[in-house]
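Take a look at this one chain, the form predicted on its own, written out in structure tokens.
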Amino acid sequence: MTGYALQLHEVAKDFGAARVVEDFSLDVADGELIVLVGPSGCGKSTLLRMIAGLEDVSEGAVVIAGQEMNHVPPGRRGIAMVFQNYALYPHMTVAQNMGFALRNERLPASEIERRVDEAADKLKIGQLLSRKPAQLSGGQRQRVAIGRAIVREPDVFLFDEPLSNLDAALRVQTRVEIAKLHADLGNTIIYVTHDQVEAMTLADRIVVMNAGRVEQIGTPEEIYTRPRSRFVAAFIGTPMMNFIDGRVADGRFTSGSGLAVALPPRLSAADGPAVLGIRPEHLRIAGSAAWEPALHGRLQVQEYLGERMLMHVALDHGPEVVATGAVALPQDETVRMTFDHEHLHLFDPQGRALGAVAGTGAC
């Protein structure tokens, strides 16, 4: 099918009796940046390796640029992969590392030099071309590894947790560089990470994976504002969404922590046991807010983050929740909290989302 750089049709992977990827389907448009995100062991790196041809496909089909690739060797798939470890040859210079695959393809020396120089210019590492890997910082080595992929001019780039070995500040810097590079080159990228911040800031679309299966596919905004499951709601967002067990009857949610709230129309049709979800930014310490106080508890911990305070509050007869506040309060203070009813989420006992966030369409 034209217009798709990559298609995965009901792909599955077995290791012996264990199925680690189950019935995975995805169409990736030309130039799209897809991020596969999920906890360790969810199957995202295995899926990437199947696309690359480093793992066999147990079921289904991997299609790149309209051609099925299940039995095509990695070197002929039109892909280039950037790994978590840099995998640079220590005895070669940066230029030699970047041009290694091109020399194996027996490209003319002038073409290799042109591609290496262009990639180095894009990555701002032109001054490093004569150095050896031992003379480079971690961030510089990662840029060299990315440059080695760029010079191959692949149909699809595969990134397998490329920032995991970098410190926090360098992760942010390199993440921005990858975003700029994608905007400049317009290449198709499949990017694997367990870091939700990388997923939210880089992706055109996010694929949230759990135990080898797709939990949800959508834009970063869709994933954050309209999670289709409790798993997605908990995994995406820092701090994670607050959850309160209770039940719904006659359009009202009640819990053992004393919460009793009339649900907005989009959620009022639910009935029976349910879990209420509230993100910390939508749960506020009551002060001059217009909303009526709805929850009470005792302040346990405060975290000052500059632009906001995170308040960890143990509810009366309920779980601990995280709310936002404007000013520091005395430890063990009894506090009241309010929330915006339009930003409530509701999940059934199996973790499936009920209703939709107002103004954002169906879950």
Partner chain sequence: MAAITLNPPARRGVAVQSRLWTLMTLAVLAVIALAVLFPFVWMILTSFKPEAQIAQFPPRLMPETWTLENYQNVWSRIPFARLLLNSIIMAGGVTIISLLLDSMAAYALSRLRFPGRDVIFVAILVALMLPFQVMFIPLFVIVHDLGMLDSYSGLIVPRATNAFGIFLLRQFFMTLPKELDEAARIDGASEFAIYRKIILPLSGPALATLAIFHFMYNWNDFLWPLLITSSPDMRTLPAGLALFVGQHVVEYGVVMAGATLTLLPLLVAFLFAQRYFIQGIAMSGIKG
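Residue numbers count along the first chain shown, from 1. What we label the rigid core is the largest C-alpha set whose atoms superpose within 1.5 Å from one form to the other. These numbers were taken from a predicted model, which means no experiment stands behind them.
As for the form predicted in complex with its partner chain, it is not shown, yet the points below apply to it.
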property	result
Residue among A80, I217, L107, A270 with a heavy atom within 4.5 Å of its partner chain in the predicted bound form	A80
Listed residue (R205, R152, K132, R228) with a non-hydrogen atom within 4.5 angstroms of its partner chain in the predicted bound form	R152
Segment assignment from 99-107, 234-242, 169-177, 209-217: heavy atom within 4.5 Å of its partner chain in the predicted bound form	99-107
A52: touches its partner chain in the predicted bound form, heavy atom cutoff 4.5 angstroms	yes
Distance check, M200 to its partner chain in the predicted bound form, heavy atom within 4.5 Å	no
Its partner chain contact at H91 in the predicted bound form, heavy atom, 4.5 Å	yes
R148, heavy atom within 4.5 angstroms of its partner chain in the predicted bound form	yes
Contacts with its partner chain in the predicted bound form, stretch 176-193 (heavy atom within 4.5 Å)	none
C-alpha of V72 off by 2 Å or more between this form and the one not shown on rigid core	no
Threshold 2 Å Cα movement between this form and the one not shown for T93, core superposed	yes
